[in-house]
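One chain follows as structure tokens, the form predicted on its own.
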């Protein structure tokens, strides 16, 4: 394996599983997380734990970042003891977080001044995809940087597409989240309509999964909507953050996003009601509440 020394910063629901797949693929992995106890499973697999992102960069040829929001990415890269302090000329930063495309371009410019390349590589596929190594990964960056990053990305995902220059991956992820708004709401409405109409809702899901209504959400999240239980897969608070990024892009591009705007409104209410750490499928709870007599 060419560049086998890989770093990983951010061991949340997605990052922990993604990092585990890197270790299993044979990469020499150095890891860091804000709460160190998240690293225990990876250390058992053979990863080394660092005390700071700076130390991760010093031990790595490439570093994957997977944290929650734009300020978190900035802190990991440019903050005290950040990656930029430990990286050498040519160390490649691979940001798998979902953040603002414009901020991504600014971060890449700041890193380029230090001779440090960066690609944005946000992922889609939920916690199931992260665990199975079957994520969809949308990449922005230069051709050479994309080809360097590809072996690392291939250990974490199945569909890897170079979308264009830095920021293009994040812009594509925003489109992904906009489309998911309609899918989650459509499945939530359909499931509740089937239940209230006296149909066998599980049979309905099975029947529709073979037709035009088939979707990942229908197949993987309708069960949670039926049970009205929303175990964590992807936090609704993080999806809300992503949708707000997309709405800002829409304003800049002069594109109306009415379904995304409705989703943001519903998700804001869910977060305010204390459901921010539940899965995005909790949107069904908002539909249920609007359907009460």
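Bear in mind the structure is a predicted one, so any value in this text is a computation, not a measurement. Residue numbers count along the first chain shown, from 1.
The form predicted together with a further copy of the same chain is left out here; the points below concern that form.
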Selected contact from 71, 210, 115, 80, since only one has a non-hydrogen atom within 4.5 angstroms of a further copy of the same chain in the predicted bound form: 210
Heavy atom within 4.5 Å of a further copy of the same chain in the predicted bound form - residue from 231, 253, 45, 227: 253
One stretch from 91-99, 148-156, 179-187, 107-115 that, in the predicted bound form, holds residues within 4.5 Å of a further copy of the same chain by heavy atom: 179-187
Contact of residue 138 with a further copy of the same chain in the predicted bound form (heavy atom, 4.5 Å): yes
is_contact(residue 168, a further copy of the same chain) in the predicted bound form, heavy atom dist at most 4.5 Å: yes
Contact label in the predicted bound form: residue 246 to a further copy of the same chain, heavy atom within 4.5 Å: yes
Exercise: residue 26 in contact with a further copy of the same chain in the predicted bound form, heavy atom 4.5 Å: no
Residues in 251-282 close to a further copy of the same chain in the predicted bound form, defined by a heavy atom within 4.5 Å, in order: 253, 254, 255, 256, 257, 258, 259, 260, 262
